[in-house]
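Next up: just one chain, as structure tokens, the form predicted alone.
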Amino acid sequence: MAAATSVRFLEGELRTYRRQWRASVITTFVNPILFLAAMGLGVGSLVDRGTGAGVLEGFAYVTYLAPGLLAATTMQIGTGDASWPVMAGIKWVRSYEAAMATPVDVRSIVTGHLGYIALRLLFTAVVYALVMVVLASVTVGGALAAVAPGVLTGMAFAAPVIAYTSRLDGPEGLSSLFRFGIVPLYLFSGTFFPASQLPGWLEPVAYATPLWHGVELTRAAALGTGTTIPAVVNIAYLVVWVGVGTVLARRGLARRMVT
């Protein structure tokens, strides 16, 4: 029963997205592609003329940047889909309340919504992988190999953010999450340059973030490079974020919705 109701909730999310997908095209696809072109090809040409190649393991900057930007993009999408839509389902549209008037329960809502996010991440990552082949000289095999760690990275953010959102009374906390959480991670977790180039006190902080582990995995998969720590540790770390986040999301939403 739980699996069936989760699938039904997922189906409802997909039907909603089918009517609203045009609104997400720019943020999901156009912005990352333009960013890769601007930073990778534009700024990257300046980096490649200097001493950057040694720091970037011998790769052109656009090639080095592309896998990291894939992980950062999935982080943003996972966080976005786990924040405002969840707040709407709880407080504004009250679609969660409507769903729970049927056999759908809190567990099914969380599982179904995470399943929807996973499909969104998969589609976005595949499209972005093809863009990497065209703009960043990444091989087709390498680009596709980066899809799975990219999706895992997005899920490592989505599950805890659902838990966080379920405990908020208003949208102010979501704005703070993006302003003080997601944007700094985007800039300082190895996406644009190696975390080893950060100030000594900030480097361990970067290593503790899920995005750094995701960037490590996507870059290693796409470019065939090694990882700072064993890849299995990176994977396990992200899986823990997904698992713990899912448990907390169920508890938080149950506390909020079940009276």
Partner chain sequence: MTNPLVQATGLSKRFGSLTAVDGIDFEVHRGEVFGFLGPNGAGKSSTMRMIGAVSPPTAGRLLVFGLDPAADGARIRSRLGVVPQEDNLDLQLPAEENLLIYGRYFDLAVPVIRERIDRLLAFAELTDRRKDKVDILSGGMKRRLTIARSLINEPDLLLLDEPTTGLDPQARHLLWDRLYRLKQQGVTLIITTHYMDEAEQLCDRLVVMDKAKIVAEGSPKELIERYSTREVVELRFPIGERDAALGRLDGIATRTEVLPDRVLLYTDDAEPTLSEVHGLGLRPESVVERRSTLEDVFLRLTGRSLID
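Positions refer to the first chain, counted from 1. This structure is a prediction, so every number in the text was calculated from the model and none was measured.
Same protein, other form: the form predicted in complex with the partner chain, not shown, and the subject of what follows.
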property: Proximity to the partner chain in the model of the complex (heavy atom, within 4.5 Å), stretch among 143-151, 87-95, 69-77, 185-193; result: 87-95
property: Whether 11, 16 and 99 all lie within 4.5 angstroms of the partner chain in the model of the complex by heavy atom; result: yes
property: Residue contact check: residue 81 to the partner chain in the model of the complex, 4.5 Å heavy atom; result: no
property: Partner contact for residue 173 in the model of the complex: the partner chain, 4.5 angstroms, heavy atom; result: no
property: Interface membership of residue 104, the partner chain in the model of the complex, 4.5 Å heavy atom rule; result: yes
